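First, one chain by itself in structure tokens, the form predicted on its own.
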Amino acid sequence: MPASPPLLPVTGQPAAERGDAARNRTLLLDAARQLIAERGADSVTTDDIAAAAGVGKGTLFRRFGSRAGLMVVLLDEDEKAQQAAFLFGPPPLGPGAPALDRLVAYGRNRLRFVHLHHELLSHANRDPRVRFNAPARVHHRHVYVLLRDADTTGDLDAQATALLALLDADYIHHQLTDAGRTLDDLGDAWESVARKLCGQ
């Protein structure tokens, strides 16, 4: 009796491993969201997430590279929405307003975003591979371009880096919880520094 021919994947259908990978990714993200909502990011470990998702911890690291990598993916949708707002949305945050007005609006908007997502950003920023990843470079480039368009002189790369340090998640958390400052205070501080850098 002739041997049966080997089974071939149906054209256009994903391989089984890819389907399993997508399912595991969804399980891990859903488990992480739920645990973080219940306990806060500080109290959630990779063991907790893997156990809640019903997969091995190695699967988590294969899918996301690190705990910080998983945190970045959780932030991804909100991050994309904010980037769309400052790149393409209405002024003064989006195009159509003077560069300095946009820079001030960006700082105040990002302060609120960082405050809302403090725990996830704080954890993600502890991994240098994540701290300087593509989304971070988008923010740096945006501030750099606004400084340039506002006719700022000097080392624009260093100035953009210095401004963005005011939006660090742990710095903002410290200022709000330990120094008794408000988001409006921090927004005013951002505006003051931005105006000085732009010669106003």
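Please read these numbers as outputs of a predicted model, since none were measured by experiment. Residue indices: 1-based, along the sequence shown.
Here the subject shifts to the form predicted together with another copy of the chain, a form of this protein not shown in this document.
- At a distance of at most 4.5 angstroms from another copy of the chain in the predicted complex, none of the three residues 79, 134 and 138 contributes a non-hydrogen atom.
- When you look in the predicted complex, the only residue of 62, 174, 39, 33 with a non-hydrogen atom within 4.5 Å of another copy of the chain is 174.
- Among residues of the shown chain, residue 154 is one whose heavy atoms approach another copy of the chain to within 4.5 Å in the predicted complex.
- Another copy of the chain in the predicted complex comes within 4.5 Å of no heavy atom belonging to residue 43.
- Although the partner is absent here, residue 170 sits close enough that one of its heavy atoms falls within 4.5 Å of another copy of the chain in the predicted complex.
- Residue contact with another copy of the chain in the predicted complex: residue 52 places no heavy atom within 4.5 Å of it.
- For another copy of the chain in the predicted complex, the listed stretch (157-165, 24-32, 52-60, 65-73) containing residues with heavy atoms inside 4.5 Å is 157-165.
- For the stretch 182-199, the set of residues having any non-hydrogen atom within 4.5 angstroms of another copy of the chain in the predicted complex comprises 189, 192, 193, 196, 197, in sequence order.
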